[in-house]
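Shown below, as structure tokens, is a lone chain in the form predicted alone; questions about how it binds or moves come after it.
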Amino acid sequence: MLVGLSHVSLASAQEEWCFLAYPRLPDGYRFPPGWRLAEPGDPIDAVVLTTAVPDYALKIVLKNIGDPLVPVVSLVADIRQCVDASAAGEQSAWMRARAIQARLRELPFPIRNSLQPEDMLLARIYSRDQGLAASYDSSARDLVRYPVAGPLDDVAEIATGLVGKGYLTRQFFDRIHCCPQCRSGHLSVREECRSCRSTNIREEVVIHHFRCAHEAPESQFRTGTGFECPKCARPLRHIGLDYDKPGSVTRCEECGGIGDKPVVGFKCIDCDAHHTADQVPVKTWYSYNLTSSGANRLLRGEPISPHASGDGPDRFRILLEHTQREQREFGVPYQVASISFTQRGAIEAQNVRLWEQSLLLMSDALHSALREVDAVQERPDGFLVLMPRTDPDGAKRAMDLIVGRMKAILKIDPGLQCVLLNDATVRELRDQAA
């Protein structure tokens, strides 16, 4: 979606905008009024690509400019992630660059110059005046890219944290299988032999001999131009009278194995690893939109703390601080429990998808057993559970109930460990989240 000059005020339209042309402008090229080629020391308002330059060259140019938010447009067709607009022989690329730069100038200094990835991502979404939409990209290792994010890395992880803070909303885009060894999305999905996992397999028709009831692949009946039963040695002449073909089987040309149907396997194109279907995890991808809360924070010039990360730590921290104030003022007890899984590594190594499904079940069991006033924070090693107005005996009973529910619905033993944390550990967790 191209943004016109509707966001540019009359005053800004009369300003002079400096651009860096790379590699250089064609001879005789006339750029629009209000623009001029940047000279040494000038701030760069836009990078204008005049040809399809290599990725490494573009990265060097952007690194030398040192501005991760600067608009990059191309005068030739170019759909790379760092390019905000491309249009051969038209003025729309110049208009797009000016519209982006005008919105960048609305941002206060602390945001415009922040080096925090969260601030940069929000600022890019705001300045591009469009959502953080996911799109397919076969050249990307994940098969998904976010064009608005430009040169930023780990975009999905950053955006997930911003959703938890209320600065972005998300909408489902796709679920893509990824290699458990290198996390690449470049996987070949194949039909394989159940015994040796070879893809050198073929489908073969099954013949059923009516007289002796023998069933076998067609190749075992064929003798030259006709059929003869390998069990009773009688000839088979007429289909429907002597025999029929009730189905087919899969024969492996490598090991000779025969099965009713092949199995599905995955081959990673990047690292050459082979995996069975139950070993391959699925990553869910989303598109994102800026909320009014996120936009207001940007315009107020309030950078996001570099220590705040993860999915929804703010809510847990706020509730924890409120509960601690209640304890100090009124002596109201509270408890924080840690639930961890000692067998997680072993289960993931054997069957990643089984672990993912088991974790979802445990999360459901945990939330269904808690009160509305309790809070849960998911962590890489398990869960933290905050139980306001609860003494140690009450917390122990609640944890016994939760652990019992988890064990009742699981087919595996995750090595559940549940511990009530002391005050010093709780303070350390709170300080880490602050």
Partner chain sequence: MVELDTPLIMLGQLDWLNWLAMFWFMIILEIPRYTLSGLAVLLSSLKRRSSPTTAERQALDRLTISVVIAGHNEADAIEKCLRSLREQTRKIDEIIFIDDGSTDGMREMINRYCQSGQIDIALSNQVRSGKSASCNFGFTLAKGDIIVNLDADCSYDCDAIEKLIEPFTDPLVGATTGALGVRNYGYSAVTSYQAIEYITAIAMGKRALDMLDLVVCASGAFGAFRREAINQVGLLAPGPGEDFDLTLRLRRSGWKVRFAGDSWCFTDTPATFKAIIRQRRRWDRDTTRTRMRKFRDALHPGRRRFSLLETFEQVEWLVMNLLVTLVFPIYVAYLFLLFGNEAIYILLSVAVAYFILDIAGFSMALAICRRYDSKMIVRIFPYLLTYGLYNGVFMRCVRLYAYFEEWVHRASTRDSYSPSRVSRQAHYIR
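Positions refer to the first chain, counted from 1. In this text, rigid core is short for the largest set of C-alphas that superpose within 1.5 Å between two forms. What you see is a predicted model, and the numbers here were worked out from it, not measured in a lab.
Keep in mind that the form predicted together with the partner chain is not shown, yet the notes after this line are about it.
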When the partner chain is placed as it is in the model of the complex, are A57, V76 and C82 each within 4.5 Å of it, taking any non-hydrogen atom of the residue?
no
Which residue, G345, G331, G226, P246, has a heavy atom that falls within 4.5 Å of the partner chain in the model of the complex?
P246
Between the options L187, M362, M120, I258, which residue brings a heavy atom to within 4.5 Å of the partner chain in the model of the complex?
I258
Name the stretch: of 234 to 242, 323 to 331, 347 to 355, 99 to 107, exactly one has residues whose heavy atoms fall within 4.5 Å of the partner chain in the model of the complex.
234 to 242
So in the model of the complex, is the partner chain close enough to R315 to count as touching (4.5 Å, heavy atoms)?
no
Find out whether any non-hydrogen atom of C271 is located within 4.5 angstroms of the partner chain in the model of the complex, and reply yes or no.
no
Flag Q220 as yes or no: does it have a non-hydrogen atom within 4.5 angstroms of any non-hydrogen atom of the partner chain in the model of the complex?
yes
My question is simply whether A337 lines the interface with the partner chain in the model of the complex - judged by any non-hydrogen atom within 4.5 Å.
no
Pull the contact list for 184 to 200: residues with a heavy atom within 4.5 Å of the partner chain in the model of the complex, in sequence order.
R194, R197
Once the core is aligned, please say if the CA of I207 is shifted by at least 2 angstroms between the shown form and the other one.
yes
Q101 C-alpha shift between the shown form and the other one of 2 Å or more, rigid core reference
no
Classify D244 as shifted (yes) or not shifted (no) between the shown form and the other one, where shifted means its C-alpha moves by 2 Å or more with the rigid core superposed.
yes
